[in-house]
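The form predicted on its own is given below as one chain in structure tokens.
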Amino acid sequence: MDRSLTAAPGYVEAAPAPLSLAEVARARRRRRVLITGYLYLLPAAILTGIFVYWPLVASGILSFYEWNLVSPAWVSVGWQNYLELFWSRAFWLAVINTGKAAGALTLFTVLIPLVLAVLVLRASPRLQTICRVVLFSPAVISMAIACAIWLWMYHPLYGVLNSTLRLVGIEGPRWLSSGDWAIWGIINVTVWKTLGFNFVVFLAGLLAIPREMQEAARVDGASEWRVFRHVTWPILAPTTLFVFLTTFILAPQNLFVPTQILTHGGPNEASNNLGYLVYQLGFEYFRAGYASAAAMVIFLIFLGLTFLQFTLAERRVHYGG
């Protein structure tokens, strides 16, 4: 409407038409549904705030103090904890070991489960059932039990691995006491424990792909490799992204228990990693502020890497409707 008309003397703007009873009822119903949805989310939001976000904020505050978990007073040290951390040899060794482990876990628990899932679906129904049970069984047991099994397998004299190697004339390494092999001993346990879960996720993703699309590509003369590359893989991309990101993000957490049980970060910090380093600083050396500074640095590192990976990978992911 022309503003000159609304500004003219004697102009009276017409009042909006009143809502009908049906429109009022629909508005109330939408508002009630919206409030009900928020009420359902409220318990989860409260628990997430208490057990996730508040510890993160508290850790950030504590990182600027020195506290031994016993003294009632916190001593303010400013940025000293962060400066000491960046000059620490143990911290950078833990960063390198965590990088190795994250790369190995991402490769072995993303690529291998994907290949196994594709091969299992081509097997007979009976063989599929056996493979699913065998591959998923390690995911059912606890990490502590898995470490106990591998601790026996890693025994330098009587372990299954070295005994098998001696049969073919190879002297096996000292898996957990060698600086070159300790971190890989932990990685082996973690891969064995987590591979089955990712295998099942990929299997579910493959089963959700419409067979008509694959059959149409075969009818057009596409080879099995082309069917996988141009039909299966693009549709499976969201599942792959999920597995990739969760494997990478959870790497420090998945490495913690094997490190604690098998090597305690040794020998000479050779198998230490960021997750276990925070535990050491806080609960073995009683330097809660220093441990909080390490935890905040780890959080920022993985937040940045995850954002970068998600941004780059998301461009190649198509979410079908």
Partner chain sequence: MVARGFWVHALLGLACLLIVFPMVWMFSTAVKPPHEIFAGAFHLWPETFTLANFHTAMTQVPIVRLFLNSLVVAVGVTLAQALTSILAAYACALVPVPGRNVWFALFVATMMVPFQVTMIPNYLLMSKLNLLNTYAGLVIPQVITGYGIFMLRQTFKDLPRSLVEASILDGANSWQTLWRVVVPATRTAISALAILFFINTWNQYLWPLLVATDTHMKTLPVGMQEFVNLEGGTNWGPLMAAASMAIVPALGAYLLAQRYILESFLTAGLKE
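Predicted model, so just to flag it, every value in this text is computed and none were measured. Positions refer to the first chain, counted from 1. We call the rigid core the largest set of C-alpha positions that still match within 1.5 Å between the two forms.
The same protein has a further form, the form predicted in complex with the partner chain, not shown here; the description that follows concerns it.
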Partner-contacting position among 127, 75, 216, 96 - heavy atom within 4.5 Å of the partner chain in the predicted complex: 127
Of 133, 170, 111, 83, the one that lies within 4.5 Å of the partner chain in the predicted complex (heavy atoms): 133
Partner-facing stretch of 154-162, 75-83, 177-185, 88-96, counted where any non-hydrogen atom is within 4.5 angstroms of the partner chain in the predicted complex: 154-162
Close approach of residue 311 to the partner chain in the predicted complex, 4.5 Å, heavy atom: no
In the predicted complex, residue 270 touching the partner chain (heavy atom, 4.5 Å): no
Contact flag, residue 71 vs the partner chain in the predicted complex, heavy atom cut 4.5 Å: no
The partner chain contact at residue 279 in the predicted complex, heavy atom, 4.5 Å: yes
Members of 45-64 lying within 4.5 angstroms of the partner chain, judged by heavy atom, in the predicted complex: 45, 47, 48, 50, 51, 52, 53, 55, 56, 58, 59, 62
Rigid-core frame, C-alpha of residue 72, shift of 2 angstroms or more between this form and the one not shown: yes
Post core alignment: residue 290 C-alpha displaced by 2 Å or more between this form and the one not shown: yes
